[in-house]
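Take a look at this one chain, the form predicted on its own, written out in structure tokens.
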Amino acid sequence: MTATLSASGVSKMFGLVCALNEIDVHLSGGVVGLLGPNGSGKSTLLKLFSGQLTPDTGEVRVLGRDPFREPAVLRHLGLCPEQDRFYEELSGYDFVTALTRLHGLSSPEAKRATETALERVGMSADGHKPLRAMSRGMRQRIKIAQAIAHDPAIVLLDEPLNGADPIARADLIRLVQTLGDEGRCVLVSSHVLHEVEAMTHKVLIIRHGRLRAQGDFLALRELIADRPYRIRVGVEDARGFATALIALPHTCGVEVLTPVLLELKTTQLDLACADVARLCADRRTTVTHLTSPDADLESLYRYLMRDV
């Protein structure tokens, strides 16, 4: 099956700076988080997929076509850029309508599509304000509205939650999830790891222009065999519970932190959690606390960003 978005052996130079180096990416439906530090090449990759740049080497394809040389394919793509470039005198409604017309929709179709898009981003009530009078969060919602109004199969979002308040962030995270559930290919670039984790488990991580990891971050974390998981368990008798845990074959170590809290190190997260539950049942005790600082996206990201 042809990937919706693909980059094969792609490199991109800006003078003497290598922004991307032999990148291979193949994406289909669903939401994927695009992660990496500043200057890692995230925005360059989005610009390649959206036809704003051409690779120096390699091949970029959108729905099997070259987005730079076949601009008609961009009808199937929506882009929310990181930076604002608005016609400030227009209302949000008129701005989205104008851009939707540029995708080939008739005037009545564009108006209907704009109304639907503004409703989806929570801007039905405020969409007729002039853009210059909108807050940063409102402007961000307008950018997302124009990216989805023409019903694209592919949505590229570069830092889509910038400037949004906590309620707006929660709303937009749900919207991104819904776009993926509808079968669209959604690529989201963000620095806020816990928000990406709320949107999706699928990630693409790049550093210094090179691909470091791609896939489900939970599965990727399991591949890091040299770094055991830490699990903090709160129980009534931490010392007695630790004695039972230390005998298990997948336990690397146990530290009693307080009389009611211990930290378990293990190579098998799922098995360890199951054993904690089994031991609680056998000992007729209750777990009051169970967390793992090593089983989230931030843990994987920190590991992959280490100097090697």
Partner chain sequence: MSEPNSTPVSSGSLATFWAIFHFRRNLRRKPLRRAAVFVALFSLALVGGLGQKFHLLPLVVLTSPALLALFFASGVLREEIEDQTLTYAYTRPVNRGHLYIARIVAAAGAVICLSFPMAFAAGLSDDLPTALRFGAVSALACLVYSAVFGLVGLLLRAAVPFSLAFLVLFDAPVSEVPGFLSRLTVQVHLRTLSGLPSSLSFLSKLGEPPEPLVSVVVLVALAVAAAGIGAWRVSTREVPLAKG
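Residue numbers count along the first chain shown, from 1. On a predicted model such as this, the values are computed, not experimentally measured, just so you know.
Although not depicted, the form predicted together with the partner chain is the subject of the following passage.
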Practice item. Kindly indicate whether I246, Y301 and Y303 are, all three, within 4.5 angstroms of the partner chain in the predicted bound form, using heavy atoms. Key: no
Review point. Though the partner chain is not shown, can you say which of L211, A198, A168, L74 has a heavy atom within 4.5 Å of it in the predicted bound form?
Key: L74
Study note, to complete from the structure: Among G163, P228, P81, G234, just one has a heavy atom within 4.5 Å of the partner chain in the predicted bound form, namely P81
Review point. Where does the partner chain sit in the predicted bound form: which of 259-267, 63-71, 276-284, 236-244, heavy atoms within 4.5 Å?
Key: 63-71
Review point. Even though the partner chain is not shown here, does F95 get within 4.5 Å of it in the predicted bound form, heavy atoms only?
Key: yes
Review point. Would T54 count as a contact of the partner chain in the predicted bound form, using a 4.5 angstroms cut-off between non-hydrogen atoms?
Key: yes
Review point. So, in the predicted bound form, is H103 in contact with the partner chain at a 4.5 angstroms heavy atom limit?
Key: yes
Point to revise | Distance check, T114 to the partner chain in the predicted bound form, heavy atom within 4.5 Å | key: no
Study note, to complete from the structure: Near the partner chain in the predicted bound form, with a heavy atom at 4.5 Å or closer, the residues from 142-178 are K143, Q146, H150, D151, P152, A153
